[in-house]
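One chain follows as structure tokens, the form predicted alone.
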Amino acid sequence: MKPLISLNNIKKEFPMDGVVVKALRGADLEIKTGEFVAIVGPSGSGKSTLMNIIGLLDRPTKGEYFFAGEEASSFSDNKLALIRNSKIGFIFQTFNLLPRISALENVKMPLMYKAKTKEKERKNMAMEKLKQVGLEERVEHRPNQLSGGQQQRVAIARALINNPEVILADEPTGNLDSKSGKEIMEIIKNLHREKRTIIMVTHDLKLAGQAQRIIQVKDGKIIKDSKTK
């Protein structure tokens, strides 16, 4: 079976103050459908750049990236947006919720691109996802009326609304207390049990140890790829 995600000699360079910064220096990586992978490394190692390329938020300078068997460099901007919205769910450390609207409205946001979906159906889908993360009693609350852990649950519900194949989690517990962090990790592990592909960036080796594989990144290179179980 072909890997869901395949990176071949991926390089990424940024011009900065007249100097070329080499964020990735030839990364090779394969991730199969249904795997739970953690990407770890110190600040500036290139792990966030790697995540952005995997999530089709950024394009590599050189190298090949295949997503579900298709070479991503051939994707138009419209196709990139479509895949990001329908195939990939994003969970960020800072939640990225819109502050002026309710939890329910935040979760519905990705459905705006689905013109054929009626409002009642959108509401029902969003309610179902909020219930899945245990927030059915907080649907009308705005982000500033929710705790950090509850805001991250809303973000997870939003990430799930289009039933994506891949969940990309960038430091998903980074802004949370230990109790909320454990609860969020349990939700992420439950998503993996549902056969979703999970890719998590973290600096926390204890968190990374809950994944099936740990990818260690240093100085723009993958230096180790090991199984945890």
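Quick note: we count residues from 1 along the sequence shown, nothing fancier. Everything quoted here is computed from the prediction, not taken from an experiment.
Beyond the structure shown, there is the form predicted in complex with a small molecule, which is absent from this document and is the topic of what follows.
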Legend entry - the small molecule in the predicted bound form: contacted by all of E30, F66 and Q216, heavy atom 4.5 Å: no
Legend entry - Location of the small molecule contact in the predicted bound form, chosen stretch of 180-188, 160-168, 40-48, 66-74 [non-hydrogen atom, 4.5 Å]: 40-48
Legend entry - Contact of A23 with the small molecule in the predicted bound form (heavy atom, 4.5 Å): yes
Inset, instruction - Verify the contact flag for L205: yes if a non-hydrogen atom of it lies within 4.5 Å of a non-hydrogen atom of the small molecule in the predicted bound form, no if not. - result: no
